[in-house]
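A lone chain, given as structure tokens: the form predicted on its own.
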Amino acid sequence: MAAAEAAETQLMLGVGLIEKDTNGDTLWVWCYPSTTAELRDMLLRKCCLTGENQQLHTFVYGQYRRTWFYVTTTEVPDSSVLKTVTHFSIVLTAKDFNPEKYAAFTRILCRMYLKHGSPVKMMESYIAVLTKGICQSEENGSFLSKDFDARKAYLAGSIKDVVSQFGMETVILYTALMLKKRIVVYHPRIEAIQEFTRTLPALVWHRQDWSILHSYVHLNADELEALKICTGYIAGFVDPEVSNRPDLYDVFVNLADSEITVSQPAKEAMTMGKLHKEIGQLIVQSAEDPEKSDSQVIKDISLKTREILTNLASFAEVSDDGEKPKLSFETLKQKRFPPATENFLCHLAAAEQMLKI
């Protein structure tokens, strides 16, 4: 097997099964190879089978302490061999962000469990994908890992939708991401949050870093502690109570009301000026162009970012110890930029680890 294919298949960490029985009890019934009590509790919270009158969410995903989780939940039809089960969730944990890939694979595993009523077939398919990157089955469909490119997952969201909702205010999100700030997004529907938040890291395409995405977080002590150790993040919540937690965010996005709020402590770093207006106009013009695709809009924003970073790098001074060039605050001051631009460039240099301390 090719090295690239081997690397691809080593991304999955585990598979698990949660059932809700006819008595209304929800139980973690099986997993392979194994899981921790902490991870199990977190996944039970995510699977939408534990609460009273909870709406059924067919597919949710998120990240917890550098582990991605993907959960597909299904209702059991009367015709199934599973006579004492009303609903079940298949949970996959992995090292990579790729919702489409794991949604496709968990759907196949769901069909297998509905047909056979035993985790044995699921485990066989999981091991086949883990070792060969493929599982084939006549009646349940086949799955090929390498059909799902990571880059495709990065580009699956719509930047044009984000801009059509927030217009010039999109530059607040761009600035927050460039400066590695903490963004919290609230909406009562988890599907709306997932669609919106997965798109935001594309605003800083030069980093191609989706590890900042935590698209489904509960106001739970363990989850919040895990979140707080991250330097900057995009975190999605369905609990309106999160708006009363200013300790969790620098920028708060109320997606339901299309409102963006910058927290008081972050206002100084997030001061907008001429440069921000220029970037905002470029984002809006590019996104509103009907001829341009989402990936072309991302490219336009990325070119502007490159231009800013190239300019910034040109002010940096090479150090004697052979480390990468660093920028001093004094050098930046000598350039006589408008105050808001100088402020942004200084914070950006710090975020990009270019600032001389």
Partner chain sequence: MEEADRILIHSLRQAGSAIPEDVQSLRAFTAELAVAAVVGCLQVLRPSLSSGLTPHLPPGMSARFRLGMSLAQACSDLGYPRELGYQSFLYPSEPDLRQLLLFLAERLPPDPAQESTQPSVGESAILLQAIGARVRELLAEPWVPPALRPQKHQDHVRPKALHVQPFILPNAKSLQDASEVQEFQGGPLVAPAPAQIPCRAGRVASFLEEHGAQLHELPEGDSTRDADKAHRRHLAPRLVEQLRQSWGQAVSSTSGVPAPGRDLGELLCGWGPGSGEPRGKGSRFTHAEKFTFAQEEEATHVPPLAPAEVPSLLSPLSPSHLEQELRAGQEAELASLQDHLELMGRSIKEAGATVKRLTLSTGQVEAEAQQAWLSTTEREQARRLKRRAVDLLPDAPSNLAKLQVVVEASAQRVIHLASQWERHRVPLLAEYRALKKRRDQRELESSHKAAELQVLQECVCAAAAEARRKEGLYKQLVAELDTLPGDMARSAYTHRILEIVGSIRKQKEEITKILSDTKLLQKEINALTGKLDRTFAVTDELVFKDAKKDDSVRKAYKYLAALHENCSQLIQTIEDTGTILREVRDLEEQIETETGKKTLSNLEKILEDYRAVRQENAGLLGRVHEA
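Positions refer to the first chain, counted from 1. Not measured: the values here are computed from a predicted model.
The form predicted in complex with its partner chain is left out here; the points below concern that form.
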item: Its partner chain: the contacting residue among D239, E259, E124, D247 in the predicted bound form [heavy atom, 4.5 Å]; value: E124
item: Selected contact from C110, A104, A150, V85, since only one has a non-hydrogen atom within 4.5 angstroms of its partner chain in the predicted bound form; value: V85
item: Option from 167-175, 248-256, 128-136, 189-197 whose residues, in the predicted bound form, bring a heavy atom within 4.5 Å of its partner chain; value: 128-136
item: Exercise: P119 in contact with its partner chain in the predicted bound form, heavy atom 4.5 Å; value: yes
item: Partner proximity in the predicted bound form: L303 to its partner chain, non-hydrogen atom cutoff 4.5 Å; value: no
item: Distance check, A313 to its partner chain in the predicted bound form, heavy atom within 4.5 Å; value: no
item: Proximity of K95 to its partner chain in the predicted bound form, heavy atoms at 4.5 Å; value: yes
item: Residues in 326-349 with any heavy atom within 4.5 Å of its partner chain in the predicted bound form; value: K326, F329, E330, N343, C346, H347, A349
